[in-house]
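Same chain, two versions here, written out as structure tokens and called structure 1 and structure 2.
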Structure 1
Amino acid sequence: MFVHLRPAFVLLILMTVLTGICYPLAVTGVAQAVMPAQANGSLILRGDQIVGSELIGQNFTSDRYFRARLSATVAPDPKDDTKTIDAPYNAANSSGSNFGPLSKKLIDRIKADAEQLAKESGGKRLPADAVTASASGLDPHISPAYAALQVARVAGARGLPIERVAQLVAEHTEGRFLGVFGELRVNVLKLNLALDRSKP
């Protein structure tokens, strides 16, 4: 019996060291050497202060900023841990709402948002990402169409010419990966930081 246990135990220790220590250290070392910004969370700095990540959306509510796509993430209710409360862009609880297309709550929320955005946009056609949440609830990007819909509001709130704000949107529109994969998109945090650097 011990003849069989000894090689099994040695193999267990060896595989634990190789796959549990050596391999993760090697992958971490290569990632830090080849792409350190991405390996450390794609953080965005303003001066010496971390203001966010390129990969996680943030909740902008002021008219002076472009708004991100809706987030359906939640957090435990501090008053009753059997329930949850809305917690937009909660990176610790990435998820969609899981409401189906016949959900009254979802339909009512989309109708209310669409009516509000229609007033703000002068009745222009709304892109889908203006009223729908992403599957993760953390999407940092919006479509150029949704960004264009917000240009007049942001320009008015900041006292900037509409053309200048539209130019910032164009400058911060990212192309498709390798020119083929994905869609054109605008990183909301990067765009809002560029707005803060703009002079009226």
Structure 2
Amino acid sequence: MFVHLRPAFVLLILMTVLTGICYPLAVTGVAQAVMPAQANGSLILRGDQIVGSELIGQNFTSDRYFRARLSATVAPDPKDDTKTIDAPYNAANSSGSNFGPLSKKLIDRIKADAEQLAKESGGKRLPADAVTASASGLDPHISPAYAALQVARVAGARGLPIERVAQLVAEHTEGRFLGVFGELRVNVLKLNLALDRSKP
């Protein structure tokens, strides 16, 4: 056994230097030099202010903006740090709801949200992403159907023609990669930024 100690410790140290320091630093160097936008988190600037990352969703509550999906992320309770409070789109602590399919909390939540949204949809069937929490709690996208459901509300709140808002949604609908991979989706932050540009 003792004959193995030298190779074990020496190779462990050498491999730590190679794969734990050289490898990530080399990748960081190349990434920062060649692809700085992606390497730094695909941040979006408005003027000189960072308003978000195009990959990370934000919480929207105002009628003037398209709403994103439900987010189950939490943050430490400022009053008692052994507890947590709801903090949707907390990008420092990703989390899903982890409700099982028979969870009473899940079913009650979906029922309440569906009743609320039914008023907006005018009796049409609701898209599933409108009432379900995303896996990460940071999903930047909604389905085109959920965006369509919100067009009239946003247009009304902003005093914009419905056709103009619908056109913005169409422009921001992203297709499948090579026409095959992934799902149709709308990036909520980018769409809302375009709305702000179109009529602040």
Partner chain sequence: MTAIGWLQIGILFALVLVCVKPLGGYMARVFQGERTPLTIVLGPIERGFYRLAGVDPAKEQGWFAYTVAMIVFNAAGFLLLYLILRLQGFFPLNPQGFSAVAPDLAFNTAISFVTNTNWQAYGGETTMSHFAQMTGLTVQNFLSAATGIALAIAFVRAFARSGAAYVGNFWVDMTRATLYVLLPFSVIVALAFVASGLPQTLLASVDVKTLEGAAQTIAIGPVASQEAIKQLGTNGGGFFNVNSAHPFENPNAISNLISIWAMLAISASLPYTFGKMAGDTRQGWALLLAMLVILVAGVGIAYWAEAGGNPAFAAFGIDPSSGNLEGKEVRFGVVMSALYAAVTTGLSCGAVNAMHDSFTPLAGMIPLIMIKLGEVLPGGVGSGLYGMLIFAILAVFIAGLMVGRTPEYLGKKIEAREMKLAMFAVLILPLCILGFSAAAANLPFALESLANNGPHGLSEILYAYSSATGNNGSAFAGLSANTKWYNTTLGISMLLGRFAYIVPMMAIAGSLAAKKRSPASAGTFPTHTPLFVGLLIGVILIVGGLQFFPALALGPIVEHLLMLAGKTF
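Everything numeric in this text was worked out from a predicted model, so none of it was measured. For clarity, a rigid core is taken as the largest C-alpha set superposing within 1.5 Å between two forms. Residue indices: 1-based, along structure 1.
Practice task
Choose between structure 1 and structure 2: indicate the form predicted alone.
Solution key: It is the first structure (the form predicted alone) rather than the second.
Handout entry: Core-aligned C-alpha movement of residue 119 between structure 1 and structure 2, 2 Å or more
Key = No.
Exercise for the section: Could you let me know the angle, in degrees, that the smaller of the two rigid parts turns against the larger between structure 1 and structure 2? Expected result: Rotation of the smaller rigid body relative to the larger: 14 degrees.
Exercise for the section: Enter the rigid core superposed C-alpha shift of residue 18 between structure 1 and structure 2, rounded to one decimal in Å. Expected result: With the rigid core fitted, the alpha carbon of residue 18 is displaced 2.8 Å between structure 1 and structure 2.
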